[in-house]
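Presented below, as structure tokens, is a lone chain in the form predicted alone.
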């Protein structure tokens, strides 16, 4: 009788009922958590929001409507409560990354997308020495060199504008492009032994090899990275569709999958070139790749070639988009508040004897510079979404007045934490660096631009040094006019500005 049922029209009705009904029944312990009706039955709602590249804002609006708890998938709850941060992301709590991270695996699993705890510990031990205080200090020379290339280009364009009476003395351009170029060239120099040459060319181009022995081609690395982040972020909401995504008729998916391959190809090409040069004795310097090559786990084992390439790719992704996004957002918000620019430049003028690219020692302790950077990381929140974690096996966990059993996915949305009026005050949506003169313990707890705990950003020290040097160089040497009153953004894994039209000229006092 059962077999006869399988071959009747009733199966057409039963299958969707099972597909949508089982997740609802299986997660009965979170049925009382409010959220979109569809989110109780299917991941399709969350996939749709990720596909539209606006998920962080949708989740934020839902929290404003429903409060601290919002159900965003059949088995996932977003918790807008800073008390949840050390439990969901902290040391020793047993929470693991969810299958969302499977969507980000290309060459092989790296430190970012490894879900196994023991494997993550091994990788972090191998990689973490790369970002020691000593190593980070040795990386500064490469940041310095590329910022000199940036100032050379901007000086030239400023001079051209000065010679054009119709320009008003300002060179008009999209600053986002140049923040992308400098960020990519810096991470290329740090991670692969040489910059990509984007600053020199004034263009987005990088060499690609789909395997170490494949012939080289070229691709727009920044565009590739953006597509890769967007498609992987969307696929992560239903990670089982990853093998089939390239067959979907939506170009968002099939072009995105092609971007994943091209981005891996960029890492393969650069690692292959760097290792070959090292074997020939042509490169002897301390950079990220050299440190990764030296790294050993507890058994004394070094990273294999594929694993090394995967980690270099992780650094390329983590060290480029985050820096360019934040630099662009910082310039926009500062220019929207001229009093901030005036105060920042006054501090830089006092601290720096010239407008040359400064050293990190000269700028690392400047209080207002630090406040401007911190406020940008808060208001813009380049990583805006809640990173998903699995409740570990056992009795479950109690958070925000609710019990969550094992297997449920929890996340704490960074954007909502950074824009909470309960935490930051009634002006939480305003850009005000002075708030960092005195922050409460609760505000410190809620501030998670680099995530939190053992899986937080391992390259935080490099990022902070790079941002300080970029901001100090740009504002000490140049002045700007802003030609837009809104910073449009689009969310992939990160929240990226879409452009920043400004006028730039060299400061008269510089």
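Computed from a predicted model, the values in this text were never measured in an experiment. Residue numbers count along the first chain shown, from 1.
What comes next is about the form predicted in complex with protoporphyrin IX containing FE (HEM), which is not displayed.
Residue 199: touches protoporphyrin IX containing FE (HEM) in the predicted bound form, heavy atom cutoff 4.5 angstroms: The answer is no: residue 199 has no heavy atom within 4.5 Å of protoporphyrin IX containing FE (HEM).
So, residue 144 and protoporphyrin IX containing FE (HEM): in the predicted bound form, are they within 4.5 Å at any heavy atom pair? Judged by the heavy-atom cut-off of 4.5 Å, residue 144 is well away from protoporphyrin IX containing FE (HEM) in the predicted bound form.
Is it the case that residue 227, even though its partner is missing from this view, gets within 4.5 Å of protoporphyrin IX containing FE (HEM) in the predicted bound form, heavy atoms only? Taking the distances in the predicted bound form, the answer for residue 227 is no, it never comes within 4.5 Å of protoporphyrin IX containing FE (HEM).
Partner contact for residue 402 in the predicted bound form: protoporphyrin IX containing FE (HEM), 4.5 angstroms, heavy atom: Close contact is absent here: in the predicted bound form, residue 402 is far from protoporphyrin IX containing FE (HEM), nothing within 4.5 Å, heavy atoms only.
Verify the flagged residues 314, 383 and 387 against protoporphyrin IX containing FE (HEM) in the predicted bound form: is each one within 4.5 Å by a non-hydrogen atom? Yes, the whole candidate spot contacts protoporphyrin IX containing FE (HEM).
Name the stretch: of 435 to 443, 375 to 383, 167 to 175, 332 to 340, exactly one has residues whose heavy atoms fall within 4.5 Å of protoporphyrin IX containing FE (HEM) in the predicted bound form. Of the options given, it is 375 to 383.
State the residue from 154, 368, 101, 431 whose non-hydrogen atoms include one within 4.5 Å of protoporphyrin IX containing FE (HEM) in the predicted bound form. By the 4.5 Å criterion, the partner-contacting residue is 101.
Only one of 271, 72, 80, 288 comes within 4.5 Å of protoporphyrin IX containing FE (HEM) in the predicted bound form by heavy atoms, so just point that one out. Filtering the options by heavy-atom distance leaves 288.
Going by heavy atoms, what in 317 to 336 lies within 4.5 angstroms of protoporphyrin IX containing FE (HEM) in the predicted bound form? Stretch hits, in order: 318, 319, 322, 323, 326.
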